[in-house]
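One chain follows as structure tokens, the form predicted on its own.
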């Protein structure tokens, strides 16, 4: 195949990408309207960003529309990967246009962190930025957070990438219930409705417990998308409010659950879907045990002397980091290293499948645990037949192999990227925690990137490596890595 013909083969994916870019440009209308209404001085930044984004998408769409056809497997992978790499370029435009001396690397890092719902920031003086700029940052969380769910339950099936097989493999039992609705598109709409309702409820609750209206809106987007951006340098700790922290914990716990479970419970007006979700007992069990253990540990170590104070800070950060929310109320890097590593570790697996959280997800962690236990039993009873089950359903062997493969690549990614950052001059604790925090889409790490600081101190090369980690984590590794293999580009 000639190079020209090979290029034309990707026109359908590029055509769809152009449409996505145009839609993304239109989303900038929201902060543009807010900026114009408040007169916060950022209107021109959104005018420029919206115009450039929409025109770029339109030109790409027009240039490739002559080769439109049904998307195939290769097109789907290319479209998904390209979307997450390209959209942050346009998401960075309002930041570049408004914030003086902000370089492209920092702006792109901020936009990647926003769209992947990571919450790792390079900006300081957040209180002095216009409301619309902080709104845009957390609105990217909100769009990117639900975008992951739509990718799993709507986009991939429509692209013909074995969507229903992936759907059944990647999500827990409640989501398998006749695909929730007869059509995948209807499922996506139902999940979006649930997401919107949760966001609205979170915003009103934060306002009710004392936040100013725009503070409540900005943090509602951040909490629902499990992102972690705030409009305060001190994050949620700026407000020093137990009520705000309790509301945040409550909605972070809800956002860390499977949105399909919420949807089924809402439609059926019943709590039965929650009882049948096999992840939920493990999810709340791990969080409760971790909170109790760390509270006792920090009291014993003399970090806190008051039980109520210890429980307040431990509970908030266990939930925030575990669900990959990433908001902070206290500098937990002042705690003993065991406590720091433990909550960082929780962010690797606690969030449920089908949630807006990051990490390998609780479902995969459960399958890994049950597979290890099965192998122990087999070593004692070689002829025993003991299938791995999720709830009442046995897990097929091909799914077990997929989970093992994913987990291996997850660990390889952490080790490899940590070595890259270390070789580039970053000290080990900062390098390791930054990679884990970005791959899990958590946000704050340890060392130089702890909750009391941000990622601004890192070099440009470090930030590009972490951008790769954030996208890799949000696309759950294989979706992104597949387009980097030579085999993918052979037609």
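Positions refer to the first chain, counted from 1. Being a predicted model, the structure only gives us computed values, none of them experimental.
A second form of this protein, the form predicted in complex with a further copy of the same chain, is not displayed here; the remarks below concern that form.
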- Message: Looking at 214-222, 131-139, 368-376, 267-275, which stretch has residues with any non-hydrogen atom within 4.5 Å of a further copy of the same chain in the predicted bound form?
- Response: 368-376
- Query: Are any of the heavy atoms in residue 240 no more than 4.5 Å from a heavy atom of a further copy of the same chain in the predicted bound form?
  - Reply: no
- Message: So, residue 429 and a further copy of the same chain: in the predicted bound form, are they within 4.5 Å at any heavy atom pair?
- Response: yes
- Item | Contact label in the predicted bound form: residue 393 to a further copy of the same chain, heavy atom within 4.5 Å | no
- Item | 4.5 angstroms heavy atom contact with a further copy of the same chain in the predicted bound form for residue 77 | yes
- Task: Find the only residue in 82, 404, 122, 253 having a heavy atom within 4.5 Å of a further copy of the same chain in the predicted bound form.
- Result: 404
- Option touching a further copy of the same chain, based on a heavy atom within 4.5 Å in the predicted bound form, out of 89, 310, 126, 341: 341
- Query: Does any residue in 404-423 get within 4.5 Å of a further copy of the same chain in the predicted bound form, counting heavy atoms only, and if so which ones?
  - Reply: 404, 405, 407, 408, 409, 411, 412, 415, 419, 422, 423
